[in-house]
Every structure is written in structure tokens, then in C-alpha cells.
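Only one chain is included here, represented as C-alpha cells and corresponding to the form predicted alone.
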Amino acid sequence: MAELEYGGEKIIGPGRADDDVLRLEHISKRFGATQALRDVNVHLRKGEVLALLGDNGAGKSTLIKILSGFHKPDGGTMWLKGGAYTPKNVDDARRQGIDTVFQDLALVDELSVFHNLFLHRERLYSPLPFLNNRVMRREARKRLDEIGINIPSLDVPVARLSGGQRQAIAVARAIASESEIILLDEPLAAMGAKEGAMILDLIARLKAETSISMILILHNYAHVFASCDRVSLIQNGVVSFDRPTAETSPDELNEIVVEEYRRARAAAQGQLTS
């Protein structure tokens, strides 16, 4: 099999890269005249937390939607646990072990905490098609306690919870579906320090106590270095930087982003004067 060079590592053949649980090579995606992704290479190890960084429009959310089965790539190849990965849709991706927590969380505000945890996975009184609320409430409490999420009442509508609690419920639902890989699209967006710390603690606990792999779209470098093992930076539809967090720094990342801004500004000024 062909030997590939990626991220400073030798990868031999499809699906045989050391302990990678997920690998993407040469992924591209276009929307009309816009080239969202050009040639993206990403890999994820079992139990690893990967930060995905990039400016608005760099292609981060598009990549997450491809992984989650929402979009199909125009080109490239994906491998999951050593086999070809071509999800037909979001439900198919979930069946294969990849679940996504988007910014809107996909929670139903009027439903209770435990009903949201079992949304589309409801427990019924077999063979009767009635909700078994007692079982769902008991299992919800057990699962939330196991990952350290403190929500006093499981009967309260999620609309009455804080942003951090709502995010935690969405993550807990992904875990309850026995996902092996969880994708989180800006999990700390618009959160205060206290709520953000709650989610960072949850991510740290999952990392320490499970073998779940995670990809997080983040913007705050403090969050990256507090919770992630490795960072990949997307610029203009390609991964321009990929390194363990222990081998880089906020200053280095900031300098790369500032240089991108300088080039973009110089290009814009050149267009104005031409």
C-alpha cells in the first residue's frame, strides 16, 4: 500500500494508521461558486480531543456537517475504524458511532430534561406504544450522575435551564446513544466563565473516564489548551497547521492567524487600488 505523509507521521495504506479511529484525506466541498473545502486532511485517535480552529468561513462547520452525514463531500476519502466511511445521512452516521452537538443543540424547549435525553429514542411499555416515563427518568438520572451533570429536577422544561446545562444535556444525549466520536460545534459559544467551566469539566471527565474521541470547534485559545490534545487550523479550505497542544502555544497560533489577516488585508487593499 502507498505510504502517505501527514502531520509529520507515516501512514501506510487506508485505515491502518496506528491508532486512528477516524481519518479524512483530500476532502473537498463546493457550494456553487464558493469552494468551502479544498484539500482537507484530518485524523483522530481513539480517546483524543481535537480542537478545530479557523476564521469564519474557513470551512470548519462544513467539515463537521460532512462527518455528521449532513453534507456529502465532492472529493476525498473517509475511513472510520479502518473501514470506508460514507454516511448516507445524519441517522446513518449515528448508527456508525458519530454523533454531533450543533450550536442549536436540537433540544425541544417545552419538553422535560429526561424527555430530551431520550428524544427519538423513547422507552415504551412494550408491546403498548406508551411512553415509559418512569424508566426514562430513572435512566436519565443515572446517566447524568455518571458524567457529573448536576440538574436538580429532570421534570423541568429545558427552556428554563442555563446555557451550560442545556449544552451538557445535548452532550449527555450523544453519550447515551453509545457514540464513539462526538463532534461539538462551538460548545462554549456565548457562555459565561462559570458555564464554560462546567462544559470544560465535562469534556475533561469524558476524556479521563471514557474512550470517546471528540472534535471541538473552538475560538478561545484558553479553552483549546485547557481541554484538547491536539489542534488543527483550517485556512482557506485546507488544514494549514496540525500539532499537539503540548508542542505549540497561544502565541504561535495567534501569529499564524494575524499573518492570515495581514495577507487578506493586503489583498483587499490591492483590489481597491487596482
Partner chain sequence: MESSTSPPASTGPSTPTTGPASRRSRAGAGLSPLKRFLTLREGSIVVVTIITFVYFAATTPHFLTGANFKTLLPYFAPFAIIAAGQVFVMTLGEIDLSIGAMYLWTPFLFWKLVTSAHFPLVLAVIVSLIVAALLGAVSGYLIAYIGIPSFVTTLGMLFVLDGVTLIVSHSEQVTTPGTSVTHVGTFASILGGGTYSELIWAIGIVIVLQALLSSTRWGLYTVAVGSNKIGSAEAGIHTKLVIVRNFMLCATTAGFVGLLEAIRTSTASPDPSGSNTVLLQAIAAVIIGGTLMTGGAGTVVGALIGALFLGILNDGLVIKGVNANYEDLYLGLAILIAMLVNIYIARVRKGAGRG
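Rigid core here is just the name for the largest C-alpha set that superposes within 1.5 Å across the two forms. Positions refer to the first chain, counted from 1. These numbers come from a predicted model, not from an experiment.
There is another form of this protein, the form predicted in complex with the partner chain, and it is not shown here; the text below is about that form.
Each of Leu107, Leu111 and Arg134 comes within 4.5 Å of the partner chain in the model of the complex, counting any heavy atom. Here the chain stands alone, but in the model of the complex its contact with the partner chain, taken as any heavy atom within 4.5 Å, falls in 62 to 70 among 29 to 37, 62 to 70, 240 to 248, 224 to 232. Looking at Arg95, you'd find every heavy atom of it more than 4.5 angstroms from the partner chain in the model of the complex.
Within this chain, Arg160 lines the site of the partner chain in the model of the complex, having a heavy atom no more than 4.5 Å away. Proximity of Glu122 to the partner chain in the model of the complex: non-hydrogen atoms within 4.5 Å are present. In the model of the complex, Asp74 stays away from the partner chain, with no heavy atom inside 4.5 Å. Of the residues in 70 to 92, those that come within 4.5 Å of the partner chain in the model of the complex through at least one heavy atom are, in sequence order, Phe70, Val90, Asp91. The Cα position of Asn133 differs by 2 Å or more between this form and the one not shown after fitting on the rigid core.
Relative to the superposed rigid core, Asp155 undergoes a CA displacement of at least 2 Å between this form and the one not shown. After superposition on the rigid core, the Cα atom of Leu80 is displaced by less than 2 Å between this form and the one not shown.
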